[in-house]
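Just the one chain here, laid out as structure tokens, in the form predicted alone.
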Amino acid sequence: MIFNWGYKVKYFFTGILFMCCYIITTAQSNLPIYKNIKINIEDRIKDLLSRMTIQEKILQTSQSYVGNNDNPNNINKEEILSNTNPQIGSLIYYSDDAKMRNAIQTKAMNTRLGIPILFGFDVIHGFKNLYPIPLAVGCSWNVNLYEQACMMAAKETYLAGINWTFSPMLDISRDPRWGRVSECYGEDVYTNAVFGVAAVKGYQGNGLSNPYSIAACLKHFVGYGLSEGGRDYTYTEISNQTLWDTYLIPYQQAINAGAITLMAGFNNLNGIPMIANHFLLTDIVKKRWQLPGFIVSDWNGVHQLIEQGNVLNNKEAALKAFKSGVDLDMTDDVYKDNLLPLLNEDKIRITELDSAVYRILKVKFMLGLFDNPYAPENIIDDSSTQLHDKLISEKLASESMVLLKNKNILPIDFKHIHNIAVIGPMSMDSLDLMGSWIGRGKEIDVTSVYTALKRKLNNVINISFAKGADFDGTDTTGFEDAYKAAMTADLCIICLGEKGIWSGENASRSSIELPYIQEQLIKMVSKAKKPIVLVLFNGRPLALKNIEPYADAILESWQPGTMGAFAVADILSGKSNPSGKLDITFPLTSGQIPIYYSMRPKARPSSGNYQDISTQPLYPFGYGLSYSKFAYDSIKLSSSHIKKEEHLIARINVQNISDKDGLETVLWYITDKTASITRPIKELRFFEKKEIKKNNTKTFIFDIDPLRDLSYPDADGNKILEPGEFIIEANGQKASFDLIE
């Protein structure tokens, strides 16, 4: 008898597979609905809600802080791990220890219902590997590169056990005295919207439950960037039309792109603190825009309603914030202590509590935390991944830097320059290159400008160093060493700027000029009569009128992150060609603030100006030099007039007329000549960045959709599209067309 062993083996393993599937299916069918991965998320949430006690629901609406013991509402790690029933909804986790995070999560998963904790953290411009600050990123005009950077930051964050970042910040700021201007993408509406969408896509990837994806959180909704006088936490006054026209747009676009959560700012807007603004939080964000996840307060934001004069006590604060649409209370325990009494007094309905908890649980389910609550441990990225991350970091830093001035000094001419003096408080500094919000970045991983120049140029040039002075103060004893170093050099590279803590939250400054001692240092060095390259590191625009004349070249490097110093060295040496353009105006002096490109026309254009200084900025929005030279042809339009339902195609040819390959960004502006509600002088509506090889030409195209690009909102957010004359502009080239009925 002949046996067909292949046939029998095949059916043996088929049987085993069938039994395994049966066991798994049976096990799944015996699970509670909320634990059954085969059931849709909505039904799983409803099932879980039906099993939760009121206290368990309330705990989901409260976020605590873990990591240090310097906050009154802090829960330290030991307290959580020793608790037999730590029912915690969310934690701000200031650590990169995935093992400790998993130990905390294990305690939560072993509770009655096993609801996982949501771990959040501020990943503003990177986690361990730091990218340039967002204000710098906007100057790169490279949206795809920034999305890659956010994707890499998400991976690092995910591997540390953090599932949720309080980023991107979409506050449009036109006051560089405000410290948090460093966290936005500049003064323009469209720019903030485009880069905000890129951040959301980078963080959240193709799906929140996929490995290495984290949830984004849009902040600080809304108008926080217009704090009076640039002072943090102060009042903001914004008309409804301007709110819709300027400040709401980036948030709406980011929610349309899939942003899952939103943070209510702690600014007082038009007399109603945002934490208590039912119209904007509920009617607009939740109902009109359909935010899929939840709204969280800012740090201690609910309690601060008392300080803002809106309520008398925490109980009233909890009622007002909760009724307005804030689902999750960050760190102040106001919900934890007051929601139950409010429920018992029928001031809050159980259906309202269920709605908030539903949104919070939905985000946890979408992140896959119920099915995979633990972070991978002992994962070390392979060397190729780390190299890729550093290459993105350095490239983004390079493209973010803006060459503000160049009297044929850069790139360095090594045929005639043999000795360089590197001078200034930022020359040997690594810590402050990281800027504010440094995540888990470490100073030891950041190379100073002096060290980067030595590594890049040591074989071809002699480099000396003299600090000269500190960032501020009155000690000038180092001036003599700086002068001596300059005297023996062919070229001086002076590195000035701000300490990292001078920008960011609660870091407002009354003057955006550099400290007096830094201004005096460059003046002293200039007495050596040697060419000076000024390299700036700062988290806001600077007023440079006092020192600009002393520099032959100025490179704005911002706070460029981990690989920033190498980007500086490559630009100075000519290995990289600068391509950044300002996403924010550099005023001539602090007294010009506010000054931004998209102001509305005034009644008397030639009058009402300052009597003591020019009304023009030192460096306008969109300004930036290159080592290449580009020539713009005239704009060609597909038609001189279009109807509202038609598109208009604008084209412009840009030629690189130099012998250096370069990247060029074309910024397309629209001017509405006449409108029922007056429009800004011009508005950015599209941009595109391309590499143009030497002696080559590229065509840039703007496809104009009238409803998208020519309309504007009224005070209720309804779009108005009116016929009339429009002007399109690119790098000073202009063309006009008519929109007809």
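Quantities reported herein were computed from a predicted structural model and do not represent experimental measurements. Just count from 1 along the sequence shown to find any residue number.
One more form of this protein should be noted, the form predicted in complex with beta-D-glucopyranose, which is absent from this view; the next part is about it.
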- Exercise: Arg540 in contact with beta-D-glucopyranose in the predicted bound form, heavy atom 4.5 Å: no
- in the predicted bound form, does Met330 have a heavy atom within 4.5 Å of beta-D-glucopyranose? yes
- Does Leu281 make contact with beta-D-glucopyranose in the predicted bound form, using a 4.5 Å heavy atom cut-off? no
- Query: Even though beta-D-glucopyranose is not shown here, does Ile92 get within 4.5 Å of it in the predicted bound form, heavy atoms only?
  - Reply: yes
- Query: in the predicted bound form, do Tyr190, Lys581 and Glu683 all put a heavy atom within 4.5 Å of beta-D-glucopyranose?
  - Reply: no
- Residues in which of 605-613, 424-432, 622-630, 296-304 have heavy atoms within 4.5 Å of beta-D-glucopyranose in the predicted bound form? 296-304
- Item | Of Asp389, Glu399, Asp122, Glu156, the one that lies within 4.5 Å of beta-D-glucopyranose in the predicted bound form (heavy atoms) | Asp122
- Task: Identify, from the list Arg359, Lys219, Lys499, Arg174, the residue with a heavy atom within 4.5 Å of beta-D-glucopyranose in the predicted bound form.
- Result: Lys219
- Task: Using the arrangement in the predicted bound form, list in sequence order the residues of 497-524 with any heavy atom within 4.5 angstroms of beta-D-glucopyranose.
- Result: Glu505
